[in-house]
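Have a look below at one chain only, the form predicted alone, in structure tokens format.
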Amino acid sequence: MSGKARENFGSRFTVVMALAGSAIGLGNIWRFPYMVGEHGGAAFIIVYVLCSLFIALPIFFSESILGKSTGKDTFGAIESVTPGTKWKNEGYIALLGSFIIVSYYSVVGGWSVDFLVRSLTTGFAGESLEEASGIFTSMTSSVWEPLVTLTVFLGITAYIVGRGIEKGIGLFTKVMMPLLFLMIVVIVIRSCTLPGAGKGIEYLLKPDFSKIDGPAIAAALGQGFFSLSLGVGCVLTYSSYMRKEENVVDTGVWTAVFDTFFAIMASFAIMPAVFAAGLEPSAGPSLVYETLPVIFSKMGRVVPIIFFLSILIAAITSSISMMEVQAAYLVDQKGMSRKKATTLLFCASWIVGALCAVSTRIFSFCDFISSNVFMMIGAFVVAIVVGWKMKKSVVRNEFTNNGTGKGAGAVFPVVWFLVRWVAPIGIVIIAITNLL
């Protein structure tokens, strides 16, 4: 085990931006808008916010408390809380889950690299929806093109992680996250001012609760976990780099607010444009890479560039958090240098990512098992460890920052109940629903 002192994020702003960057990813831009479209618009957003507040956020607090209180990686944190037990094996689940996600996520991140380059060069002006769909199909069915973009995306991820916490992850996120918010605001303004966009705005603001059923609620619960990167050690690992004076409540609330706000903003960037073009809001994942390039190209040359650059930044901020889970383990538990650890992780992730790039079956399997198995098991174990294995006094002290957190003491009993009872039951419901 490494005897070197662990790095820390230099400021609260850096911590919040790093955690927000981990949460804000393709799940917000790529996944959330089409799920809103599939499940009835505003009603789904309301259910999603409630699920995030009462289930996802308590798990976020739990991971953050584990990381900050121990100052260790996922394996070391759980082992220190439950010494001599098998609960520490959850660390291996987090490592495997984050590894699989980085691998297949880098394929999707590579698509954003490809489309950003196309936006900067040839563009999409004058193409029909059928032609845009053909571009995406041709790209994903190519042998070499996905491998090249995968390599570029994964290389950027490994480079940032290899530079360390403050000079790598911290610097990148505190510069890029404000830029990301600015870019999405620009797209929202442009999208909402299109002729016919009013129907899309109404769709996002006027709830239709007749669309809410069991699958919609399960989707909202699952999206909350997917979006906040829960269950695979990202929040725990980043929180282990927090300074002791930082408040887990403040950072958790701000992260959840930024994540939810960005997801809603992404919906307002996409849905008004979809309605303005006379398309179906439930078009699915193809919205981003098949439909939107053509729609946004009609707004001028700059909008597609901004859109795909925002997708790329969001994808990178999430992928570096996933790779950092593994890097922290190799540095802390195996005594590797950070450079050696990230080089090893790049090579291993590239091999699995390449398999995902050339096989939709492998890609779909990795997506399914990480979201429906590893994330669910990881989140459940975290809830049990914090809610039932850690001393209540220790959890309370971390949650209230030793009594200095304003209002945290009054809220703690509610959060404690949610962590012990509501969150584990919610996780089981998500898992069963998604696996049936």
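Note that residue numbering begins at 1 and tracks the sequence as displayed. Since this is a predicted model, take the numbers as computed values, not measurements.
The same protein also exists as the form predicted together with a small molecule; that form is not shown, yet it is the one meant from here on.
Original post:
Hey, in the predicted bound form, does I101 get a heavy atom within 4.5 angstroms of the small molecule?
Top reply: Answer yes; at least one heavy atom of I101 falls within 4.5 Å of the small molecule in the predicted bound form.
**OP:** Spell out, yes or no, whether the shortest heavy atom distance between I160 and the small molecule in the predicted bound form is within 4.5 Å.
**Re:** Contact check for I160: no, nothing within 4.5 Å of the small molecule in the predicted bound form.
Original post:
Does V419 make contact with the small molecule in the predicted bound form, using a 4.5 Å heavy atom cut-off?
Top reply: Contact check for V419: no, nothing within 4.5 Å of the small molecule in the predicted bound form.
Original post:
Hey, in the predicted bound form, does I384 get a heavy atom within 4.5 angstroms of the small molecule?
Top reply: Outside the cut-off, so no.
Subject >> Proximity to the small molecule in the predicted bound form (heavy atom, within 4.5 Å), stretch among 175-183, 196-204, 229-237, 357-365 >> reply: Every other range fails; the passing one is 229-237.
**OP:** Select from the listed residues M35, I65, M375, A56 the one whose heavy atoms reach within 4.5 Å of the small molecule in the predicted bound form.
**Re:** Looking at M35, I65, M375, A56 one by one, just M375 meets the 4.5 Å heavy-atom criterion.
Original post:
Among T251, T260, S318, S112, which has any heavy atom within 4.5 Å of the small molecule in the predicted bound form?
Top reply: Comparing distances to the small molecule in the predicted bound form, the residue within 4.5 Å is S318.
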